[in-house]
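Below sits a lone chain in structure tokens, taken as the form predicted on its own.
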Amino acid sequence: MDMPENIHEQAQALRDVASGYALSKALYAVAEARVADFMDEAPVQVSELAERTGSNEGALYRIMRTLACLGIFHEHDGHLFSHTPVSRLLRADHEHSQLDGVLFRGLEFYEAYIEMPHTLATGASSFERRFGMSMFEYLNADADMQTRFQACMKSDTRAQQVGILEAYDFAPFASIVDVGGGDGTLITAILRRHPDTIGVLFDRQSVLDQVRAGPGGVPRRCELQDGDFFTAVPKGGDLYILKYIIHDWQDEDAVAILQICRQAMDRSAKMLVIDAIFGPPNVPNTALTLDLSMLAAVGGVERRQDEFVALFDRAGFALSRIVATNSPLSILEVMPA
């Protein structure tokens, strides 16, 4: 059999994916050590970073030079490194910091993927196989993980909300209900931009207890209401937001959530489902990676546009338009049918 001329490139492509965990854990290690927090604009010696973070100098250099090839840090001659726009997002004090997201994904999420063969064989959640309960049950039982999960969601929203606020005009709505809104990062950003609007942050009691106890909180114009969106959501809002909610669930549960929202809404109200949408086949798309996370973590699923439309139709909604954002997410605006 003749060997293809590019067999080495083809084999390396497989090896790169198979070894992806090495990059994931390398990134987690420098994030956990807070390396980025000890860097400013000027290049800094690895020896200084190692001393300030309690790291082994040789190991730190080898990790950082690898990440630099991916645009995370920039290497200079003499074992010097400086920030790139990407590595600055690892700083805890960055306005759009992604530190908490990197840290959360490097622990339980990472460990859950060990059970992916079980998921392949059964379709069941890798997380539940690994930890003996669903991820949402785990969050309710473990306050520390709940805190880290909400911090992860906050870091995601920090980056995504810029595109959401630029793409969609929230000014016409006097009252907005953020369903499953976590720590209120998105609704807070909306209310700060629109001072005449009032809001409701709706989530589980354990989540809102942390919001009440936390240092930031939400604006006074935002009421906190706890509950279960499979049972009821606050009534009377002009706009309802479900960001990163529908993708957590298979179709039957997704329809149930949408129907509960429909029952709470007046005929003139609108709803925004903010999620990733699949693009064409064989083209890299953030939704593909998110879909694997949903498969492994909670048994949820990312969807195509026509699949969203089918859900809306079953729940009594009609899709009015899709608004693209300068982020991996799209805004699906729907109204009661």
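For every residue, the number given is its place in the sequence shown, counted from 1. Computed from a predicted structure; not experimentally measured.
One more form of this protein, predicted together with a small molecule, exists but is not displayed; see below.
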Problem - Option from 195-203, 70-78, 169-177, 125-133 whose residues, in the predicted bound form, bring a heavy atom within 4.5 Å of the small molecule - result: 195-203
Problem - All of D253, V273 and A315 within 4.5 Å of the small molecule in the predicted bound form, heavy atom check - result: no
Exercise for the section: Just give me the single entry in Q98, T119, S87, Q150 that has a non-hydrogen atom within 4.5 angstroms of the small molecule in the predicted bound form. Expected result: Q150
Fill in the blank from the handout: In this chain shown alone, the residue from G217, G227, P234, G106 with a heavy atom within 4.5 Å of the small molecule in the predicted bound form is G227
Problem - the small molecule contact in the predicted bound form: D248, any heavy atom under 4.5 Å - result: yes
Practice task
Give a yes or no for V207: in the predicted bound form, does one of its heavy atoms lie within 4.5 Å of a heavy atom belonging to the small molecule?
Solution key: yes
